[in-house]
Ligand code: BGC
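Starting off, we have a lone chain in the form predicted alone, written out as C-alpha cells.
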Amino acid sequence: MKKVLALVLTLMLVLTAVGTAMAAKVGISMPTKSLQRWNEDGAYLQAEFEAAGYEVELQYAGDNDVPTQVAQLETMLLNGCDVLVITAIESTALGTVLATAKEMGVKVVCHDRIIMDTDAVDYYATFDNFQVGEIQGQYVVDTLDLANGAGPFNIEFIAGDPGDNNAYYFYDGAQSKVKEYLDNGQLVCVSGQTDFDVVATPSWSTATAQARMDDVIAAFYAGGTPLDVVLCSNDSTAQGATNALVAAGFEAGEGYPIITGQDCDIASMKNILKGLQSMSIFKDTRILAARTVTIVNSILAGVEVETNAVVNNNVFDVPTYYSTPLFADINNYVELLIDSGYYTADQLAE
C-alpha cells in the first residue's frame, strides 16, 4: 500500500511539474528588427525568461507591420502561451486579438509601450517616459545656460512616431523644460514647427527625419542663420538630423548644434564621440527585461505584482513599474556604458 501511495504521489508531482512547464510559456512580440533598440530588448527578454525556466516564443513583426504583429499574437495564443509580453507597433491596433487573449485567460504585459483603449492588458513595464523628455529638455537648458538669461538661440524639433504613445510623453516632457524659454524669446523656433503633429516622425524613421531636416535647413538656415539646437526624441531621429546637417556642410566643433537623442544606439554613441551628437538617454534594457520577467514571475505564481505607478490607457489605470532613465554624453559614457558591460570599447570604436 505504501508503494502504491508513493507511486501516486510521484505521479502527482510529475503531472504538477508538467502542468507548470506547460503553463510557463511566454510569447514575446517585438515591433521590428530594423532598430537596434528592439533587437536588444528581444534578446535580453528571451535570455532572461529562458534562464528563469520558461519556454519562449519570440517574434518580430517585420518592419513595424501591424497585420504581421496581430497574426503573430494570434499564433502565440494558438500555441498555448499563458503570458504575452508585447511592444506594440500601434498603441490602439491590438484590441481584437487582446480581447481574445483575455477571454482565454492569457495575461498581457506591455513592454515599454502602453497599449491604449483596451481593458485586456494587465501590467506595464517601462521607463518614466515623461522624465526622458524632461532630461533632454533640461540638457538643452543647462548647456545653453538659459536659466541665467543666455540667448537668443535657434531651436528645431524632431519628435517620434505618432502611433507610439510614448512619443507624446517624450515630447511633452521636453517641452515642459523649454517652453518658458520659447515663450520669452530666449529660444526661437525659426521654422515655427513646434506642434507634435508637424514634427512627428512615423516609425521613428531615420530617412524621414533626415528628409524633413533637409527641408528645414534649406528653407530657414541656408543663408547663414545659426541653428543651435535640434531637440530629437530618440537616436534614429537624431541620426537623421545629423545626416542632414553634415550634408548641408555643418561640421563638428564650435557652431555645431546641440543634438539630443535616446537609446544610446551604437551609431549615435559613435556620433557623440565624433562631436556630431551631444547626448542620448540611456534606458538600460537589461534592467527593463529583468523587471518584465519579475512581473511575469509574480503573475504566474499568483502573488502581488510590485508596481510603483499607474498609466491610464483611456480605459483604466494600468498598474505600472517605472525604471529610471539616465543620460550619456562624452563625459560619462565610459562609466555608464562600458564599465557596466552594456558595450565594449571595441563596439564604439571606429
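What you see is a predicted model; the values in this text were computed from it and never measured. So that there is no doubt, residue numbering starts at 1 and follows the sequence shown.
The following text describes the form predicted in complex with this ligand, which does not appear among the structures shown.
Asks: Hey, in the model of the complex, does residue 113 get a heavy atom within 4.5 angstroms of this ligand?
Replies: Within the cut-off, so yes.
Asks: How about residue 35 - does it come within 4.5 Å of this ligand in the model of the complex, if we only consider non-hydrogen atoms?
Replies: Close contact exists here: in the model of the complex, residue 35 approaches this ligand to within 4.5 Å, heavy atoms only.
Asks: Check residue 280 for me: does it contact this ligand in the model of the complex (non-hydrogen atoms, 4.5 angstroms)?
Replies: Because no heavy atom of residue 280 falls inside 4.5 Å of this ligand in the model of the complex, the answer is no.
Asks: Verify the contact flag for residue 239: yes if a non-hydrogen atom of it lies within 4.5 Å of a non-hydrogen atom of this ligand in the model of the complex, no if not.
Replies: Residue-level check for residue 239: no, no contact with this ligand.
Asks: From the candidate stretches 262-270, 217-225, 76-84, 189-197, select the single one in contact with this ligand in the model of the complex, where contact means a heavy atom within 4.5 Å.
Replies: Going by heavy atoms within 4.5 Å, the stretch is 262-270.
Asks: Among 91, 206, 166, 72, which has at least one heavy atom within 4.5 Å of this ligand in the model of the complex?
Replies: When this ligand is considered in the model of the complex, the option within 4.5 Å is 166.
Asks: What residues in 213-242 sit within 4.5 Å of this ligand in the model of the complex, counting heavy atoms only?
Replies: Result: 234 alone.
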